[in-house]
Ligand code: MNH
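Listed next as structure tokens is one chain, alone, in the form predicted alone.
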């Protein structure tokens, strides 16, 4: 296989699979392709991920789709995804949906191209903000925000009302990242409607997805009104973030959080600092990525807990045993909730809220020894189907089973088979933050409530670049407070 390197920068913009896959004809595609429109039969502009999941079940571990002349290769098999995880041969590709967000987030951590220097600068400056010491400092603020959630749920439980799970998890996670990262309070739980940041964010994510569903030359015409709304949403997000930064500068600094690092910390080697424009882009990136995916993960986990009372009882018993009667768990106690963490991991296996990641070839290569790729050729790993590969997860991969993540089971699986946070050097920088927050919140809710599902609800998944259960409502019922007991080692 050829492993040549070249110093030139790859062209920006969309590169169709026709340009990078010399033997594209060998890769299966849907049987009914419409001229100009592509593989639109049986698909929906609102559910591209779920449409691709259905195609993967029919076409196999690697397949291709065409939308208005844009040819994509998608990977759903574990062997192929493992090969793509080789950092020596593959790198992150800023795929079409992500690139559509660059007008909002520019060269922020999530949307930067590999050749843009601000990614490495921001990563090196901000990585200490997710150290163990920093995480322990965030814990108290996470608890304070969670108390606002439980106060809201207590009132619903007292009135016998159901709660809007995705809506409340979005409020929770937005307030958590805003307070821990930027010392800002959006007042989400005191509002009768979503904060304007959330409304504008959803608008920009929806617009980015809609851009994928129309021919690029026609987008300005077909999406003229939506484009104007998107420009207004971006302007609103910029104004909100600029105000957060203005307040911080006026206050003369905070307590060493992410915003302080962005404003005041120089790169340890070069001495370079983030520019004001890049600070804005990073704040937007963290506010969106820091709450959108975690709120979805919590919502899916609560859905599965409500449908599996045996799992919920086992998780609840662990919380009662490990936390005892302590009013508020300490930072170290959260890591001891091993079974609760398995519930979260299994929820992210079935419905990873960031449902795909893209990889591009650093040089000419052959994927898994079978599919030639030219330098710059890219493919998208369909994470929900990677997480359902029967060769890894057994004959019943659709079944919810947290014991798939007990220690022996994890050790028995090949690497690179579980990727809810992406892969490689540019995997999610905040994954430990998200996992600690989500485990803490699940523990608090399990200890405090029984979760009653709506018997008529059937899971519907909405897509806006991330995944979220749609219309999920649960009825919380208060439990008696656990009796004080010494915290012992977890048997799970």
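Positions refer to the first chain, counted from 1. Given the structure is predicted, the values throughout are model-derived calculations rather than measurements.
The discussion below concerns the form predicted together with the named molecule, not included here.
Residue 294 is the only one of 379, 347, 294, 204 with a heavy atom lying within 4.5 Å of the named molecule in the model of the complex. Proximity to the named molecule in the model of the complex, defined as a heavy atom within 4.5 Å, singles out one entry of 27, 461, 53, 427, which is 427. Comparing 150-158, 67-75, 163-171, 109-117 against the named molecule in the model of the complex, the single stretch with non-hydrogen atoms within 4.5 angstroms of it is 109-117.
Taken together, 89, 367 and 418 are entirely out of contact with the named molecule in the model of the complex: none brings a heavy atom within 4.5 Å.
In the model of the complex, the named molecule sits beyond 4.5 Å of every heavy atom of residue 449. At the 4.5 Å threshold, heavy atoms of residue 104 stay clear of the named molecule in the model of the complex, well away from it.
Under a 4.5 angstroms non-hydrogen atom cutoff, the named molecule in the model of the complex lacks residue 441 among its neighbouring residues. Not displayed here, the named molecule is kept clear of residue 63 by more than 4.5 Å at the level of heavy atoms in the model of the complex. Along 268-296, a non-hydrogen atom within 4.5 Å of the named molecule in the model of the complex is carried by 285, 286, 289, 290, 293, 294, in order along the sequence.
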